[in-house]
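Take a look at the structure tokens below, where one protein chain is shown in two forms, each on its own, as structure 1 and structure 2.
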Structure 1
Amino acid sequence: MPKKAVTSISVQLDNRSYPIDVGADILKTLPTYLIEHKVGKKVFLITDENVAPLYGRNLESVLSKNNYSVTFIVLPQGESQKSFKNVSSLLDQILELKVERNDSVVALGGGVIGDLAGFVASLCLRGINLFQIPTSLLAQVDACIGGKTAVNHSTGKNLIGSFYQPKLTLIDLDCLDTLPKHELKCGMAEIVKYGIIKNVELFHFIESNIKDIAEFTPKKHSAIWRHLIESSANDKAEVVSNDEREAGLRETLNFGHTIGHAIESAYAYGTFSHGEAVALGMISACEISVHLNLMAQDISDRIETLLKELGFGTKIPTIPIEKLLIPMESDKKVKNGKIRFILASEIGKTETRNDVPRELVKSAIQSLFK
């Protein structure tokens, strides 16, 4: 069967619009885009130690064959790489090679590389070309779309960063074949989130294909995974196109993340992945929505069932409740001292509320306790 061609999704932003191109085996087409953008000859290809041998070396050689002068930079993997120290050392490496305004950074990897390399590209000479090539599911459907870049600070995650849009996000579906199952599951939590907050068709699609999706074998079920990724990337692109700087609509992407972030930080590092914590946060947000008579109980049950079928847990070990409430109250998304909550009224529809009683948040968290 011939492979479906490239699907192009557009992020629409005044004079900074760019495509998200999705296809199988399209990494090797990057030079075509560089030529189209008439970029300079120096390319800084930034990746991590896992992605380098899988895709980095090949991409480096494709670029070299097209007469680009490639500086191949490989960092260790992991969240700790999103540091200001790395920003500084990457800038040293790039500036020492006499980078020019029209040269490019290519960020090849998961959200860690996308956020870090994107931030570096935004700072270097006040901004050089950035090409995002996300290789994890989470990066393909979320992190590498929309231009938020950041590194972490000792006082919190993602506190130092910029809004900086790439020239292109290139999604090669074949990269998912090597992604560990738990990373696929993590990205799947965000895909369910798009279904709940704005895409009822996507939610139904996940329900109808749940058995195949829960196998987490993108190669075997490539048409299904392609649809999941295209729909989600399109949803994120639409949100960002309408609200780049998070004045309103973009905030809805935080559905499940208020309690999710609290869970991630309250337990020892690694107890819950981001996706697992967001799944739990979505269950709590549904419970709050039901208590406020926004959502019908059967909708909340459907969402919980779907998350369970994907292998997400619905319980957390009991700890002092303040450990979960305090990080939530000091979150940077708190406005006027009150926790804002993104709730859902039905599948595909959110409602932002400032007036969620603390006691209700507390009881929603308590009902997650084992």
Structure 2
Amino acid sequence: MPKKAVTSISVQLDNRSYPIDVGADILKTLPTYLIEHKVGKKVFLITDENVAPLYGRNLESVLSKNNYSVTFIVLPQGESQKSFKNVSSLLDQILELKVERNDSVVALGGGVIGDLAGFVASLCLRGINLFQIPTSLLAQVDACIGGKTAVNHSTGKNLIGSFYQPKLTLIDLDCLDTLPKHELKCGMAEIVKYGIIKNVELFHFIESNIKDIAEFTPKKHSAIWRHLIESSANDKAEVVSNDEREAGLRETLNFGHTIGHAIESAYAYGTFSHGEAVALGMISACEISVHLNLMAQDISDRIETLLKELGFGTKIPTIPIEKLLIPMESDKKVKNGKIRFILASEIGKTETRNDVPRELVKSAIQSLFK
């Protein structure tokens, strides 16, 4: 089965480099990649109830026709699926089928499926083959690139997990056509983040094409959306290649996430999507940057304006401030008891700070309250 034309972006790791392949209508080429990697004949295809009828059944059929024994596992949709209960259940199903180390997990879905299925693959027999096929924009540009896998804990998001790289991340641009607007908007928050932390050209591109992007019609503006995804995937790949386990540079990817994750947690993973929470977190991070004299007010205003033009809100319901501070103080980025903030000084440049006064953090959060 020949592959269709793709853009191949490499994640360069010692002895474990792998491609992020981007193209239209390339989901069906997965068997070609499996053959190249000489994997075993058992494939555990893990997806959710939304993705299964759109792409799961067709992919199961393609794999079966290429003589792979497919176990098709469909989970409910949502962040709540990232639990130890589901990890145990998935491992039970896989181990009962006498899985071998050369067999494969295929994670077909958004960031939740990528995190959960990737974590299971990392644990099973101390690691079996993993192939990431992200179907949401958020997963295509961020969550399913770089090898982070995790489940949530009652004290915070993604606190239990592993770094486990896939053999391949396969991005089919046609998947964007079935995404609702709010899912596309969610992914755009991460794309804007790349522009702020490292890619000035990308930020300018978003500003220049904001009217077309804000329509959220990928099929109509396919060249624009392909550029957004390829640029973001390339940015993530460069960062991961230089800092796989978040020893330094990779921390910059957390811009907006410290407060963003706290918002997700405090409002019980349902009120705000990940993208909405990150957008709010970026607004707060910019406010902190301005108060610390790192960023000029006009740059902060420019970032907030862009987020508003993409349809992001800038306010959250008022709750006790401690409900937001407690998750932040349990965040995996805390070191020596101090919260590490990624702050921006200008478009394309960041600083990591662990000396942000608690009162300033409180003030930045309270400015989000309605």
Ligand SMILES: NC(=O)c1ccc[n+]([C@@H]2O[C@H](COP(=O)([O-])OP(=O)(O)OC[C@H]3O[C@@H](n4cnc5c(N)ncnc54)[C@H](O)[C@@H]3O)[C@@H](O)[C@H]2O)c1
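By convention here, residues take numbers in order along the sequence of structure 1, the first being 1. The term rigid core refers to the maximal set of C-alpha atoms that superpose within 1.5 Å between the two forms. On a predicted model such as this, the values are computed, not experimentally measured, just so you know.
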property	result
Between structure 1 and structure 2, the form predicted together with the named molecule	1
Yes/no, residue 53 Cα shift of 2 Å or more between structures 1 and 2 with rigid core fixed	no
C-alpha of residue 318 off by 2 Å or more between structures 1 and 2 on rigid core	yes
Is_shifted residue 226 between structures 1 and 2 (CA, 2 Å cut-off, rigid core)	no
Distance the CA of residue 356 travels between structures 1 and 2 [rigid core superposed, Å]	2.4
